[in-house]
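Next comes just one chain, in C-alpha coordinates: the form predicted alone.
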Amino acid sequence: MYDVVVIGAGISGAATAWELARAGVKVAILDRWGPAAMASGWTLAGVRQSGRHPAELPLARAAVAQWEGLAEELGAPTHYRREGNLRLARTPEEVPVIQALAEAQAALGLDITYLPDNAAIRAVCPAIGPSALAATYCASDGHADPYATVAAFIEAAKRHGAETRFGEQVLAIEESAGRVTAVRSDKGLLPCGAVVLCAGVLGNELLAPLGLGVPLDIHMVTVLRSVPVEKVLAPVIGVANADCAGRQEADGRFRATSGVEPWHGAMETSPRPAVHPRAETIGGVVSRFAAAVPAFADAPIESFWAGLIDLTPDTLPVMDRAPIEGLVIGMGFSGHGFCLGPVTGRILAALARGEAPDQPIEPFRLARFNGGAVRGEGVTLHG
(Lines give C-alpha, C1' and ligand atoms only; values in the text may rest on other atoms or scores of the structure.)
Protein backbone atom coordinates (compact mmCIF):
# COMPACT_ATOMS: atom_id res chain seq x y z
CA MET A 1 0.00 0.00 0.00
CA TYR A 2 1.23 3.47 -0.89
CA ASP A 3 0.75 6.55 1.22
CA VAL A 4 0.30 8.64 -1.94
CA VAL A 5 -0.04 7.87 -5.64
CA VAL A 6 0.85 10.74 -7.99
CA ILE A 7 -0.81 10.51 -11.41
CA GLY A 8 1.15 12.29 -14.14
CA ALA A 9 4.92 12.60 -14.63
CA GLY A 10 5.16 16.16 -15.89
CA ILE A 11 6.98 18.75 -13.82
CA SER A 12 4.09 19.19 -11.36
CA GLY A 13 3.76 15.48 -10.64
CA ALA A 14 7.51 14.87 -10.61
CA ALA A 15 8.16 17.74 -8.20
CA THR A 16 5.31 16.56 -5.97
CA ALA A 17 6.69 13.00 -5.86
CA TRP A 18 10.13 14.36 -4.95
CA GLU A 19 8.79 16.50 -2.14
CA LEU A 20 6.78 13.59 -0.74
CA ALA A 21 9.59 11.05 -1.05
CA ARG A 22 12.17 13.21 0.65
CA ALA A 23 9.70 13.74 3.50
CA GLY A 24 9.61 9.98 4.03
CA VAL A 25 6.24 9.37 2.36
CA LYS A 26 5.80 6.08 0.50
CA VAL A 27 4.91 7.36 -2.96
CA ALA A 28 4.46 6.00 -6.47
CA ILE A 29 4.28 8.13 -9.61
CA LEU A 30 2.31 6.72 -12.54
CA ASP A 31 2.24 7.84 -16.14
CA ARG A 32 0.78 6.17 -19.20
CA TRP A 33 3.90 7.08 -21.18
CA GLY A 34 6.75 8.48 -19.11
CA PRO A 35 8.39 11.69 -17.87
CA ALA A 36 7.47 14.95 -19.65
CA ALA A 37 5.42 13.12 -22.29
CA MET A 38 2.85 15.89 -22.70
CA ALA A 39 2.68 19.52 -21.53
CA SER A 40 6.04 19.63 -19.74
CA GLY A 41 7.85 18.31 -22.80
CA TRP A 42 5.88 20.37 -25.30
CA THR A 43 6.42 23.69 -23.50
CA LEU A 44 8.71 26.59 -24.32
CA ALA A 45 10.07 26.03 -20.76
CA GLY A 46 10.34 29.64 -19.74
CA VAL A 47 10.99 30.46 -16.09
CA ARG A 48 9.41 33.87 -15.69
CA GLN A 49 7.70 36.23 -13.30
CA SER A 50 6.94 38.95 -15.85
CA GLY A 51 3.46 39.01 -17.33
CA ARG A 52 2.01 36.94 -14.51
CA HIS A 53 -1.47 37.35 -13.08
CA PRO A 54 -1.09 39.03 -9.66
CA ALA A 55 -2.33 35.86 -7.96
CA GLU A 56 0.46 33.81 -9.55
CA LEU A 57 3.25 36.31 -9.10
CA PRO A 58 4.15 35.34 -5.49
CA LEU A 59 4.44 31.70 -6.58
CA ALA A 60 6.53 32.62 -9.62
CA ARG A 61 8.88 34.73 -7.52
CA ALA A 62 9.32 31.91 -5.01
CA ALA A 63 9.92 29.47 -7.85
CA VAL A 64 12.53 31.68 -9.55
CA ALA A 65 14.37 31.95 -6.24
CA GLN A 66 14.49 28.14 -6.06
CA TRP A 67 15.46 27.58 -9.71
CA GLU A 68 18.89 29.15 -9.17
CA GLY A 69 20.01 26.26 -6.96
CA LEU A 70 17.62 23.59 -8.19
CA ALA A 71 20.16 21.55 -10.16
CA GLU A 72 22.38 21.29 -7.11
CA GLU A 73 19.39 20.44 -4.95
CA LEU A 74 18.30 17.66 -7.32
CA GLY A 75 21.80 16.45 -8.08
CA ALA A 76 21.35 16.66 -11.86
CA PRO A 77 21.39 19.36 -14.54
CA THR A 78 18.32 21.42 -15.41
CA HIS A 79 20.18 23.72 -17.85
CA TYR A 80 18.55 26.68 -16.15
CA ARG A 81 19.76 30.06 -17.35
CA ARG A 82 18.73 33.36 -15.77
CA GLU A 83 19.04 35.36 -18.99
CA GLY A 84 15.95 37.57 -18.89
CA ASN A 85 12.62 37.90 -20.65
CA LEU A 86 11.83 40.47 -23.35
CA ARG A 87 8.22 41.16 -24.30
CA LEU A 88 8.05 43.15 -27.52
CA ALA A 89 5.67 45.71 -28.99
CA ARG A 90 5.76 45.47 -32.80
CA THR A 91 3.11 48.04 -33.75
CA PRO A 92 2.22 51.51 -32.45
CA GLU A 93 -0.95 49.99 -30.95
CA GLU A 94 1.07 47.49 -28.93
CA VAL A 95 3.39 50.10 -27.40
CA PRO A 96 0.94 51.35 -24.72
CA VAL A 97 0.06 47.72 -23.92
CA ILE A 98 3.70 46.99 -23.16
CA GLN A 99 4.17 50.24 -21.23
CA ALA A 100 1.09 49.53 -19.10
CA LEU A 101 2.36 46.02 -18.40
CA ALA A 102 5.67 47.38 -17.15
CA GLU A 103 3.92 49.88 -14.88
CA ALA A 104 1.49 47.31 -13.48
CA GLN A 105 4.21 44.74 -12.79
CA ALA A 106 6.51 47.32 -11.21
CA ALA A 107 3.64 48.37 -8.93
CA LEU A 108 3.50 44.75 -7.73
CA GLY A 109 7.19 44.91 -6.78
CA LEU A 110 8.73 43.19 -9.78
CA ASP A 111 12.06 44.55 -11.02
CA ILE A 112 11.04 45.17 -14.63
CA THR A 113 12.29 47.77 -17.12
CA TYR A 114 10.47 49.56 -19.92
CA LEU A 115 12.60 49.89 -23.06
CA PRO A 116 11.12 52.74 -25.12
CA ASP A 117 12.69 52.15 -28.54
CA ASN A 118 14.55 49.70 -30.76
CA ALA A 119 17.96 51.00 -29.77
CA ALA A 120 17.24 50.35 -26.09
CA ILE A 121 16.00 46.85 -26.91
CA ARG A 122 19.04 46.01 -29.03
CA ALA A 123 21.33 47.28 -26.29
CA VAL A 124 19.92 44.47 -24.15
CA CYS A 125 19.64 41.91 -26.97
CA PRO A 126 21.38 42.67 -30.29
CA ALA A 127 19.61 39.73 -31.97
CA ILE A 128 16.27 41.56 -32.00
CA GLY A 129 15.16 42.87 -35.38
CA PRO A 130 14.19 46.44 -36.34
CA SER A 131 10.43 45.80 -36.15
CA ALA A 132 10.45 45.90 -32.33
CA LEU A 133 9.31 49.36 -31.18
CA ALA A 134 9.34 48.95 -27.38
CA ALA A 135 9.65 46.17 -24.81
CA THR A 136 9.57 45.16 -21.22
CA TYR A 137 12.66 43.48 -19.81
CA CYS A 138 12.82 41.37 -16.65
CA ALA A 139 16.43 40.40 -16.06
CA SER A 140 15.63 37.84 -13.35
CA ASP A 141 13.52 35.67 -15.68
CA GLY A 142 15.05 32.79 -17.60
CA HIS A 143 14.53 29.32 -19.06
CA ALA A 144 15.48 25.68 -18.54
CA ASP A 145 15.48 22.33 -20.31
CA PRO A 146 12.10 20.64 -19.71
CA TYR A 147 13.21 17.04 -20.26
CA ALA A 148 16.35 17.36 -18.15
CA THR A 149 14.46 19.11 -15.36
CA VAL A 150 11.65 16.55 -15.11
CA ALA A 151 14.19 13.71 -15.27
CA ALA A 152 16.16 15.34 -12.45
CA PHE A 153 13.05 15.51 -10.24
CA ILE A 154 12.20 11.87 -11.03
CA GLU A 155 15.68 10.54 -10.30
CA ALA A 156 15.91 12.57 -7.09
CA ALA A 157 12.54 11.18 -5.97
CA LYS A 158 13.71 7.64 -6.72
CA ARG A 159 16.82 8.14 -4.60
CA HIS A 160 14.50 8.95 -1.71
CA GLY A 161 12.49 5.77 -2.30
CA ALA A 162 9.76 6.83 -4.73
CA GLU A 163 8.56 4.13 -7.09
CA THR A 164 8.02 4.94 -10.76
CA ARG A 165 5.43 3.09 -12.80
CA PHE A 166 5.71 4.29 -16.38
CA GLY A 167 3.87 2.74 -19.29
CA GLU A 168 0.95 2.12 -16.93
CA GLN A 169 -2.42 3.70 -17.70
CA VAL A 170 -4.61 4.81 -14.82
CA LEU A 171 -8.20 3.71 -15.40
CA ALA A 172 -9.91 4.99 -12.26
CA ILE A 173 -9.49 6.55 -8.85
CA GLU A 174 -11.34 4.32 -6.38
CA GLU A 175 -13.18 5.80 -3.41
CA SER A 176 -15.38 4.49 -0.61
CA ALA A 177 -17.40 6.40 1.97
CA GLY A 178 -16.12 9.70 0.63
CA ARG A 179 -12.40 8.98 0.69
CA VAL A 180 -9.77 7.68 -1.71
CA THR A 181 -8.91 3.99 -1.33
CA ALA A 182 -6.95 3.02 -4.43
CA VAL A 183 -5.90 3.72 -7.99
CA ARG A 184 -6.90 1.16 -10.61
CA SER A 185 -4.59 0.85 -13.62
CA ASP A 186 -4.30 -1.49 -16.57
CA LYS A 187 -1.75 -3.41 -14.46
CA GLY A 188 -3.92 -3.84 -11.36
CA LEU A 189 -5.10 -2.16 -8.16
CA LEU A 190 -2.84 0.13 -6.12
CA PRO A 191 -4.26 0.68 -2.63
CA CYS A 192 -3.32 4.10 -1.28
CA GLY A 193 -4.21 6.72 1.27
CA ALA A 194 -4.15 9.69 -1.08
CA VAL A 195 -3.92 10.61 -4.76
CA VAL A 196 -2.41 13.71 -6.36
CA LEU A 197 -3.86 14.19 -9.84
CA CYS A 198 -1.51 16.01 -12.23
CA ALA A 199 -2.81 14.57 -15.49
CA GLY A 200 -3.33 17.84 -17.40
CA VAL A 201 -5.83 17.68 -20.24
CA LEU A 202 -6.58 14.03 -19.40
CA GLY A 203 -7.40 14.65 -15.75
CA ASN A 204 -11.13 15.13 -16.18
CA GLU A 205 -11.44 11.58 -17.53
CA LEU A 206 -10.56 10.39 -14.02
CA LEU A 207 -12.56 13.06 -12.17
CA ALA A 208 -15.84 12.64 -14.07
CA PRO A 209 -16.76 9.21 -12.57
CA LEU A 210 -16.34 10.81 -9.14
CA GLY A 211 -18.78 13.59 -10.01
CA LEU A 212 -15.99 16.16 -10.21
CA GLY A 213 -14.29 18.20 -12.91
CA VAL A 214 -12.12 21.19 -13.65
CA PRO A 215 -13.60 23.47 -16.35
CA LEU A 216 -11.08 23.27 -19.19
CA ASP A 217 -11.06 24.62 -22.70
CA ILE A 218 -8.46 22.64 -24.64
CA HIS A 219 -6.42 24.62 -27.16
CA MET A 220 -3.09 23.97 -28.80
CA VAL A 221 0.17 25.76 -29.48
CA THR A 222 2.52 24.93 -32.37
CA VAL A 223 6.22 24.61 -31.57
CA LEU A 224 9.17 24.60 -33.99
CA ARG A 225 12.65 23.46 -33.01
CA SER A 226 15.76 24.12 -35.09
CA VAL A 227 19.04 22.28 -35.35
CA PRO A 228 21.82 23.72 -33.17
CA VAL A 229 23.05 27.03 -34.56
CA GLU A 230 25.28 29.83 -33.34
CA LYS A 231 24.09 31.19 -30.00
CA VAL A 232 22.79 34.71 -30.54
CA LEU A 233 19.75 34.93 -28.25
CA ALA A 234 19.92 34.96 -24.45
CA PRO A 235 16.47 36.13 -23.22
CA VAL A 236 13.14 34.43 -23.77
CA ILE A 237 11.17 36.48 -26.29
CA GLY A 238 7.45 37.19 -26.09
CA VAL A 239 5.17 39.71 -27.72
CA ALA A 240 2.35 41.97 -26.61
CA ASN A 241 -0.52 39.92 -28.03
CA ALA A 242 1.07 36.48 -27.32
CA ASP A 243 0.88 35.31 -30.95
CA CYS A 244 4.47 34.01 -30.86
CA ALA A 245 7.31 33.40 -28.43
CA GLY A 246 10.70 31.76 -28.47
CA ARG A 247 14.13 31.22 -27.02
CA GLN A 248 17.44 29.57 -27.81
CA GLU A 249 18.26 26.46 -25.84
CA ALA A 250 21.57 25.73 -24.13
CA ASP A 251 22.74 23.66 -27.12
CA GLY A 252 21.89 26.41 -29.64
CA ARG A 253 18.54 25.09 -30.86
CA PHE A 254 15.82 27.67 -31.34
CA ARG A 255 12.41 26.76 -29.89
CA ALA A 256 9.65 29.03 -31.24
CA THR A 257 5.91 28.88 -30.68
CA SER A 258 2.64 30.12 -32.10
CA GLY A 259 -0.10 31.72 -30.09
CA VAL A 260 -3.02 29.73 -28.75
CA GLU A 261 -5.29 28.28 -31.43
CA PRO A 262 -8.30 25.94 -31.41
CA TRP A 263 -7.41 22.27 -31.09
CA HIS A 264 -8.52 20.18 -34.06
CA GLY A 265 -9.40 17.35 -31.67
CA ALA A 266 -6.89 14.72 -32.84
CA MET A 267 -4.08 13.24 -30.76
CA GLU A 268 -2.05 10.12 -31.41
CA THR A 269 -1.39 8.05 -28.30
CA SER A 270 1.19 5.49 -29.46
CA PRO A 271 4.04 5.17 -28.83
CA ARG A 272 3.82 8.59 -27.18
CA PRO A 273 1.19 11.33 -27.35
CA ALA A 274 1.49 13.50 -30.45
CA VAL A 275 -0.58 16.37 -31.78
CA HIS A 276 0.13 17.51 -35.33
CA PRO A 277 -0.01 21.23 -36.14
CA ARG A 278 -1.60 22.87 -39.13
CA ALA A 279 0.68 23.79 -42.04
CA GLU A 280 -0.47 27.42 -42.08
CA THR A 281 0.40 27.78 -38.41
CA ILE A 282 3.93 26.50 -38.99
CA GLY A 283 4.44 29.21 -41.60
CA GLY A 284 3.06 31.81 -39.21
CA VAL A 285 5.53 30.84 -36.49
CA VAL A 286 8.42 31.17 -38.93
CA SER A 287 7.38 34.59 -40.20
CA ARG A 288 6.48 36.12 -36.85
CA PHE A 289 9.44 34.87 -34.85
CA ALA A 290 11.89 35.58 -37.66
CA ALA A 291 10.60 39.16 -37.73
CA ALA A 292 11.43 39.42 -34.03
CA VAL A 293 14.73 37.50 -34.25
CA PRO A 294 16.05 37.59 -37.85
CA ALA A 295 18.66 34.86 -37.22
CA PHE A 296 15.82 32.36 -36.86
CA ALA A 297 14.99 32.69 -40.58
CA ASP A 298 18.23 30.91 -41.53
CA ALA A 299 18.00 28.12 -38.94
CA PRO A 300 17.16 24.67 -40.41
CA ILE A 301 14.07 23.23 -38.71
CA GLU A 302 14.68 19.89 -37.04
CA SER A 303 11.21 19.10 -35.70
CA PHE A 304 7.79 20.55 -35.02
CA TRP A 305 4.75 19.59 -32.97
CA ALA A 306 1.69 20.98 -31.27
CA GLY A 307 1.16 20.99 -27.52
CA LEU A 308 -2.22 20.99 -25.80
CA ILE A 309 -3.07 23.78 -23.36
CA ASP A 310 -5.52 23.13 -20.50
CA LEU A 311 -7.12 26.56 -20.21
CA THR A 312 -9.29 27.30 -17.20
CA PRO A 313 -11.87 30.12 -17.47
CA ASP A 314 -9.60 32.52 -15.57
CA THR A 315 -6.31 31.04 -16.89
CA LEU A 316 -5.24 30.20 -13.33
CA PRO A 317 -4.55 26.63 -12.19
CA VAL A 318 -6.46 24.52 -9.72
CA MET A 319 -4.36 23.44 -6.74
CA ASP A 320 -6.67 22.18 -4.06
CA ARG A 321 -8.03 19.30 -2.02
CA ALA A 322 -11.11 17.84 -3.70
CA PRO A 323 -14.36 17.18 -1.81
CA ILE A 324 -13.32 13.53 -1.68
CA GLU A 325 -10.93 13.01 1.22
CA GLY A 326 -7.42 12.15 0.11
CA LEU A 327 -7.77 13.53 -3.42
CA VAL A 328 -5.61 16.51 -4.40
CA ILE A 329 -5.91 18.20 -7.81
CA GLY A 330 -3.15 20.06 -9.66
CA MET A 331 -4.53 20.91 -13.12
CA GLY A 332 -5.36 23.74 -15.48
CA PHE A 333 -1.98 25.48 -15.60
CA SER A 334 -3.08 27.17 -18.84
CA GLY A 335 0.27 26.98 -20.63
CA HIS A 336 2.37 28.63 -17.93
CA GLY A 337 2.95 25.99 -15.26
CA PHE A 338 6.54 25.00 -16.01
CA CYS A 339 8.17 27.82 -14.05
CA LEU A 340 5.94 27.13 -11.06
CA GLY A 341 6.91 23.44 -10.92
CA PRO A 342 9.16 23.51 -7.82
CA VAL A 343 6.59 25.52 -5.85
CA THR A 344 3.65 23.52 -7.23
CA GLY A 345 5.35 20.39 -5.94
CA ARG A 346 5.61 21.84 -2.44
CA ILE A 347 1.98 22.97 -2.47
CA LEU A 348 0.53 19.68 -3.70
CA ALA A 349 2.72 17.60 -1.41
CA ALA A 350 1.59 19.65 1.60
CA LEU A 351 -2.05 19.23 0.61
CA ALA A 352 -1.59 15.48 0.21
CA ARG A 353 -0.12 15.28 3.71
CA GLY A 354 -2.93 17.32 5.23
CA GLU A 355 -0.67 20.30 5.88
CA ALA A 356 -0.97 23.99 5.06
CA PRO A 357 1.02 25.01 1.96
CA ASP A 358 3.77 27.60 2.31
CA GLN A 359 2.16 29.76 -0.41
CA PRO A 360 -1.36 31.27 -0.61
CA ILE A 361 -3.70 29.08 -2.67
CA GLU A 362 -7.06 30.81 -2.26
CA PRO A 363 -7.05 32.02 -5.90
CA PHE A 364 -6.51 28.42 -7.04
CA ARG A 365 -9.36 26.72 -5.18
CA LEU A 366 -11.64 24.48 -7.23
CA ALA A 367 -14.72 26.01 -5.59
CA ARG A 368 -14.16 29.33 -7.37
CA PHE A 369 -15.90 27.82 -10.41
CA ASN A 370 -19.06 26.79 -8.56
CA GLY A 371 -20.74 30.10 -9.34
CA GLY A 372 -20.15 29.87 -13.07
CA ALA A 373 -17.49 30.96 -15.52
CA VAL A 374 -14.78 33.40 -14.55
CA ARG A 375 -13.12 35.52 -17.18
CA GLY A 376 -9.34 35.64 -17.26
CA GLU A 377 -6.83 38.23 -18.42
CA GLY A 378 -5.50 36.33 -21.43
CA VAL A 379 -2.98 33.60 -21.99
CA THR A 380 0.79 33.84 -21.83
CA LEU A 381 3.05 31.09 -23.12
CA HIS A 382 6.47 31.51 -21.56
CA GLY A 383 6.44 28.84 -18.85
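The numbering used is simple: start at 1 and walk along the sequence shown. Nothing here was measured: the structure is a model prediction, and the numbers come from that model.
Here the subject shifts to the form predicted together with a small molecule, a form of this protein not shown in this document.
The small molecule in the model of the complex is not approached by residue 58, whose heavy atoms all lie more than 4.5 angstroms from it. The small molecule in the model of the complex comes within 4.5 Å of a heavy atom belonging to residue 52. The small molecule in the model of the complex comes within 4.5 Å of no heavy atom belonging to residue 242. Contact annotation: residue 169 falls within 4.5 Å of the small molecule in the model of the complex, judged by heavy atom distances.
Although the small molecule is omitted here, in the model of the complex all of 13, 198 and 335 have a heavy atom within 4.5 Å of it. Residue in contact with the small molecule in the model of the complex (any heavy atom within 4.5 Å), chosen from 86, 221, 173, 89: 221. Checking 316, 37, 350, 64 for any heavy atom within 4.5 Å of the small molecule in the model of the complex turns up a single hit: 37. Contact annotation: the small molecule lies within 4.5 Å of heavy atoms from the stretch 302-310 in the model of the complex, the single such stretch among 284-292, 302-310, 152-160, 102-110.
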